[in-house]
Every structure is written in C-alpha cells, then in structure tokens.
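In the structure tokens that follow, a single protein chain appears in two forms: structure 1, then structure 2.
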Structure 1
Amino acid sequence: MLIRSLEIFRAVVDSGSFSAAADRLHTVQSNVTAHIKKLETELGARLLERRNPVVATPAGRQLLHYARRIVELHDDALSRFQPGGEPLGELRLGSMETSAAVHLPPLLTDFSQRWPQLSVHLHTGTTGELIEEVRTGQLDAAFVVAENAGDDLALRPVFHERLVLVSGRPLKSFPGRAELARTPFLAFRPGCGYRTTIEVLLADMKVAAPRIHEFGSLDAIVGCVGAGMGLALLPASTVRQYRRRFDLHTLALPGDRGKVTTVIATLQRPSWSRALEVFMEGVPSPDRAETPIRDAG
C-alpha cells in the first residue's frame, strides 16, 4: 500500500469523481483508476461505488479513516523538513457564502502568501453541512454560525457580525407583523446559520406563515432583493460589499437581535494537522468593538 494511493483515494472521495481527483493531483484519470483498483485487489474489497458522484462503500469508509490520518501525518512529517519548518500539503476549509465573500479573502490571501507550500481548498455550504464535514474529517475547519456543536468539535469565535434587514426600497422603520407576512424573505436553504436567525425572528414576532424563498447563491439573493423581490437578512459587512453593484437599503434589527458571531469549527486540538495549526495561529481574534453600521436609507 502506497501513501500515494491513499492520497489519491482520499482525493476521489473528497471530490466525488476519478477525473476530478486526477486534475487536483496533476495526473491522469487512468492512473487514478489504476491506483484505486490496486488498493481494491490488495485489500480484497470494493472501496468505491462508481456512481455520480462516486461514493465510498462501507469498506471504503473504513479505509478512508486511515488514509486521512496517514496522508496528514505524511504531510506533517515533510513539513518538519522544509526550510523553516514550513507546513506543506493542503488545508481544507469550509465557509458560508457570506463569510467567503467578505471576511475570508484578506485572511486567505495573507495566509497563502505566508505559507507558499500549502494549497488551500475552500468549499461553501450551510452551517449544518459544514459542521458535518468537519466531523467526518472532510474539512479541517469551517467558518459557521453556531453556538454549540457537540463535544467532539471545538468552536472559536472569529468575527462579530450584525445582521441587517436588506431591501431594494428605502426602509423608514422596521416593518410590522402584517407587512412581514406579505413580503417574501430570500434566504439560503435550511441548515444555514443566518436562515435560522430569520426563522427565529419571524417566529418571535409571531408572523403567521412567512414566505421564504430559497436561493442557492448569495449573488442571486442580493440581486433579487435589489430588484425589489423581497427582504433578506444579511451581515452588514456583506451588504456593504454589494452596495456598488446594487441599490440596497438596510435597517438594523431592534436591540441585540442582529448580533451573530461567526466561529471556526474544528475537531478538538490534539488531532490538528500542522497546516491547521499554523492557520489557527494566524487567525485574528474578533474585535470586541463591532463593525460600525451606517443605516443608509
């Protein structure tokens, strides 16, 4: 069994396809097939279901567990011998689209310059999906909105955010219950931390049957809100970014309602890879003072 085979195996499972894995590892698809096949005959078990996407069999999941740990140890070992002990390998991050658009770019730019030997993979998804991917080891860390996620995960605050009500038309005062019942909300699919906030908010205001449209992308939401389709609840910083492209109007939520904290979810520390270790060192602590909000009309 070669480390290389395990690396390829992991890439196939993570990317869901033989050819995608081949691209990521800068080799050819037939080579990926050969490695997987060799593993399968060596272990005497089918490891992958050739579907679309490719999925690990029960036996495959068992191997995956070892593959991840071995490949990670291998990367860490190599890291130790790089000039300056530079970490090496890949860092697999997850993030909600909102964080991805606003907070992550500076962080990741800085990070990838500081550690040129690390390749960063960023995957977006909802809080629920990401947490699960961290738990299974598919991701090293994920930026999510959550307050607790079980004992096996560690959550570290990174950004304090303020959610604001976003509309395509000027907002004079906070809409009443009746108006909220009429106006649709545009949000991500269930499992997104922000969406949860919307639902809680509407429930608290006793809005009977709120209409919530589900969109798969942040751009779509912002575009449609700008076009007057409805309201959205988004981080102030995100909205600010879109101001140049769309005519957006925001209104702070009453009281502390809008306060959310983005955290980094990881497995408990002892199992961190060198890559994750240095990443976490480089992540700044959240400013106590919140980002000031201009309630532009």
Structure 2
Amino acid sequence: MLIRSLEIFRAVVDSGSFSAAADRLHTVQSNVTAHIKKLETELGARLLERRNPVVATPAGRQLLHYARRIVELHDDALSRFQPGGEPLGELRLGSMETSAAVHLPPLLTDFSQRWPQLSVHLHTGTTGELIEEVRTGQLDAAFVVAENAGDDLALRPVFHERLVLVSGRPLKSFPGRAELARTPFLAFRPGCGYRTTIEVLLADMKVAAPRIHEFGSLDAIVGCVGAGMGLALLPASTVRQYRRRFDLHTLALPGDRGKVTTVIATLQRPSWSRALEVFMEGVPSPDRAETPIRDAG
C-alpha cells in the first residue's frame, strides 16, 4: 500500500466525496478513484459505499483506523527529521460552538500565521461527541467542558467561563420553581455540558419534567431566546458578542453553579503529532489557573 493511497482514502471518508477529497488534496477525481480501486484490489475488500455521502464499509472502517495512524506517523517522522523540525500535514480540532465563536478565532489565526504549511480542520459538536472523536483518533484535540474523560485522555484547563441565565426580556430576579416549570429552555442535544448544567439546576430546584427544545446551532438558540421563545444557559462572553444583534438579558446563576472551565482534551502526550505539539505551545492557560483536572503534559 502506498502512503498516498491511504491519504486519499482518509480524505474521501472524512469529506464524504471523491470530488471533495480531490479538491482537498489538490489532485483530480480520476486519480482519487484510481487509488481507491488499487487499495480495494490489494486488500481484496470493498472499502467504500459509493453513495452521497460516501461512507466506509465495515472493512473500510477497519482500514481507516490504520490509515490515520500510518499517515500521521509518516508526517510526524518527516517533520522531525527536516531542518527545524517543522510540522507537516493537518491539525484536526473539535470545539463546542460557544468556544469556536468566541475564543478560538484569535488562537487559530495566530497558529495559522505561525505555521502556514499546516491545514487546520475545525469540527463543532457536543462535549460527549467530541471526547469520543478524540478517543477514536478522528480529532487531535477538542475544546470541551468535562471534569473527567478516562485515563486514556488528558484534560488541560484553558478558559474559565461564567454561565448566565439568558432571556429575551428583563428579569428582576432569578425565576422561581413555578416559572421555571412552565418556561422552556433552549439547548443543544444531550452530551452538551451546558445542557447538563440546565438539567442539574432544575433538578436541584425540584422542577419536574422541564421542557427543553433542542437546537443544532448557537445562532438559532440565541435568536429564539431573543425572540422570547424561552431561556438558555450560555457563557457570559458569548452573550456579550450576540448583544450586538439581539436584545438579550442575563442573570447570574445561584451559588457556584455558573462557574465552568473549558478544557482541551487530547490523547496522552506520547501519542501527539508534531502538529499538535506546536499547537499546544500556543494554547493559553486561564489567568487564574485552577489545579489541572488532568495534566496533559
């Protein structure tokens, strides 16, 4: 098997398209098709289901696991033996939408200016989804809200946040149990750390069967809260940015419930690529750093 064939196979699976993989790798679609056919002939297995989007077969998923490791080790070896040890290849990051909207733009801009030869791919999702994607090697690192993710992952604090109750109308005081019982919350799907905080908060206040509307984007949540559809829990830094577009009002959560720390989740350091190493050098620590949840090295 050629390294190039594995690179192309990985790109097809990640993009879900032969043409998109060709664009990503700066080649032509016929070359992508030829490499995939060569792999399938060599292995005696059908690797891809040719549909829209293209998906890996069970055999393809097995190969994908090896392809990611082989290509990353290949790129890492090249970078370590080149003068200056410059990283090559790509950096695959995951993030909650709130962090992606507020904190990551300056961080990623600085990184791309320092290492223009690296391709950055950013994927957003819930904390639960992103942690699993780091664990399975689909992502190099992810910005999430988690206190523990298992011994195979490392968590390093990056940003301290304060969650606030967000409404489309002024709130004189924190809503009582009766009002919370009849007012819906707007949140991401299960697996989101902020949604978990909503559920715990309402359980502590003995609010039975709360209504939670699920949304797939931060813009949709904030827009509907501003229009009066319900309440949300979001970081204060996120709300500040959206106040330019929506009429939003906030209240602090009672006690320490609103304190939350965004961490960056990675595999343990010995498995880091050179690209991840240089990225982690530029990842900030909180101004008032708390004890690391799990040291990432």
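Between two forms, the rigid core is the largest collection of C-alphas that superpose within 1.5 Å. Because the structure is a prediction, the values reported are computed rather than measured. Numbers follow structure 1, counted from its first residue as 1.
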Label of the structure corresponding to the form predicted on its own:
2
Rigid core fitted, then: does E42 show a CA shift of 2 angstroms or greater between the two structures?
no
Would G228 count as moving between the two structures, using a Cα shift of 2 angstroms or more after superposing the core as the test?
no
Determine whether the C-alpha of A56 shifts by 2 Å or more between the two structures once the rigid core is superposed.
yes
Would you mind giving the Cα movement of G16 between the two structures in Å, after fitting on the rigid core?
3.1
